[in-house]
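Below you'll find only one chain, the form predicted on its own, shown as structure tokens.
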């Protein structure tokens, strides 16, 4: 009888918590990359857009970088499942199962999927002192300097790393890859001339391109972009790298076991944020496309990630790279 009473009390407490969620306790969105990078930018814009539909509660961003994004993801997987700790991750959710050996969690079963946020094109950019002024000149420069070129990325498994792998494979050349704990510091070194090239998300490059702090060569989409800062850039596909297309996506997650009522409130707040005119404007200004299709639903989000895991696993295994 005592155990039954304790169980009833626990269930009642959980139900009460779900009904009052989020209460006055802040919500934290964990970003598994360094501050100042593209995923961090998306998280901070999303936090602002979700605050109102969540009743005005504070929504904070916590950067927990390292190990291909698995450190931050593990922090959320092991967090209390009450809806107050969330994860914003990109395509790394699909690459971690292959890249990170002895991954301390399972991507497909240790999280509650809340919905997709956006799709983000990428841009190939170079240091401002690079002699090449267009993609044709860049390929010639790369050929002349084969083996001497430094290509930055935000760490193994990051979007910039995946794009860099595909770029090297497409050109059939080898570059010295320089991993950072985020593309924020990588961008700083690119502007300063410490590295030569970077393939990064438009959320992180548009402002630098517009300010002419870096040289821009191409975008990774099938079609040219319409964003003012990027509209004159050719695609890598039209530049001669046939079939080259990389688009990075972001999704929102909660720890496994988060109450259904809490998940419903979080999903509703996410959907409201994705319709927020200010959020849409900010994302469009960065070249990102806010998700409006069925992937905003948890089940479709989960199916999409499973398909992405199947897509990237053979590519990464063939490359023989690991994040640990």
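In this text, all values refer to a predicted model and were calculated from it rather than measured experimentally. Positions refer to the first chain, counted from 1.
Quick note: we don't show the form predicted together with aspartic acid (ASP), though the next part is all about it.
Participant: Taking a heavy atom within 4.5 Å as contact, would all three of 33, 37 and 154 count as contacting aspartic acid (ASP) in the predicted complex?
Facilitator: Yes: 33, 37 and 154 each sit within 4.5 Å of aspartic acid (ASP) in the predicted complex.
Participant: Counting non-hydrogen atoms within 4.5 angstroms of aspartic acid (ASP) in the predicted complex, say which of 126, 72, 184, 115 makes the cut.
Facilitator: Checked against the cut-off, the match is 184.
Participant: At the 4.5 Å heavy atom threshold, is residue 90 in contact with aspartic acid (ASP) in the predicted complex?
Facilitator: Within the cut-off, so yes.
Participant: Wondering, does residue 159 line up within 4.5 Å of aspartic acid (ASP) in the predicted complex on heavy atoms?
Facilitator: The answer is yes: residue 159 has a heavy atom within 4.5 Å of aspartic acid (ASP).
Participant: Name the stretch, out of 37-45, 283-291, 268-276, 51-59, where some heavy atom lies within 4.5 Å of aspartic acid (ASP) in the predicted complex.
Facilitator: Contact-bearing stretch, as computed: 37-45.
Participant: Hey, which residues along 190-228 are within 4.5 angstroms of aspartic acid (ASP) in the predicted complex, non-hydrogen atoms only?
Facilitator: Stretch hits, in order: 200, 201.
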